[in-house]
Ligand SMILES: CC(C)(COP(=O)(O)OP(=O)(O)OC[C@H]1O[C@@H](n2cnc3c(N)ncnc32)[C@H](O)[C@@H]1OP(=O)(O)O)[C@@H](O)C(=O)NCCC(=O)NCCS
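First, one chain by itself in C-alpha cells, the form predicted on its own.
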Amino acid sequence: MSGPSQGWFRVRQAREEDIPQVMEVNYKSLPENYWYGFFKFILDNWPKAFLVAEAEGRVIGYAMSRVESVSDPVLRGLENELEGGAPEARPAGGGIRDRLRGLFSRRASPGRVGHLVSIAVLEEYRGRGVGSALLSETIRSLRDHYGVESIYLEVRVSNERAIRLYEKFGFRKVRIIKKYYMDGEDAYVMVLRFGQSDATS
C-alpha cells in the first residue's frame, strides 16, 4: 500500500525491514520506547495500520495502530467523562431517557475500535506536514480497511502541539488517566468517532 506523496516525502505501509529505522525514530522522538517484537506484532496483525513516512529512502516518521474489541463507551466515542456523560446523545435537561441510554451503552456488545498506539516524526522534519499525512492515512486505513467505529489515543496533557493536531482531525478529549507515563505525567484519552466529526470524509 502506498499512501499520499507530498513531493519530498511519501507515506506507505511499513515493511519488516523498516522496523530498525522505525525504532530509531521512536527512540529519538519519544520517551516511551518499544522493543522489536512489539513493532513486529503490530505489523503482523494489522499491517495496513502500520505506516511510515519516507524521504530519500529514509524513514522519517511512523504511525502504528491496532484494532481492539472494546465495550468501554468512552473509548467508543459514546460518552465523554470530561463533559459528564454522552453529550452527543443527551437531550436538553437530561432525564430518565438519558440515564437509560447510558445504562444500555455500558452493557452493549463490544465495538470494533482503532487504537493509535504510537506516532512520531524526527525533530528535523516536524512542522512540514509529515505528522498530518501520517494521521490522515491512519484514520483512512483504520476506517476503510478495518471498519472501526472510532479511534482513540493517549497523549501527554502537556503536549499542546500534538493535541492541536488531533483536534484538527476531529479527535476530542474524553478522559484523563492519572500518572499514565513513567515520569508521572497524566494523559488525555482522545477519541474520533466516525459519523460525528470525521475530518477525512
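Numbering starts at 1 and follows the sequence shown. Quick caveat, the model's predicted, so the values are computed rather than measured.
Another form exists, predicted in complex with the ligand; not displayed. Remarks below refer to it.
Partner proximity in the predicted complex, defined as non-hydrogen atoms within 4.5 angstroms of the ligand, places exactly one of 165 to 173, 140 to 148, 65 to 73, 42 to 50 at the interface: 165 to 173. The shortest heavy atom separation between residue 78 and the ligand in the predicted complex exceeds 4.5 Å. Proximity of residue 159 to the ligand in the predicted complex falls within the 4.5 Å heavy atom cutoff. Within 4.5 Å of some heavy atom of the ligand in the predicted complex lies at least one heavy atom of residue 132. Proximity of residue 54 to the ligand in the predicted complex falls outside the 4.5 Å heavy atom cutoff. Along 120 to 135, residues 120, 121, 125, 126, 127, 128, 129, 130, 131, 132 each place a heavy atom within 4.5 Å of the ligand in the predicted complex.
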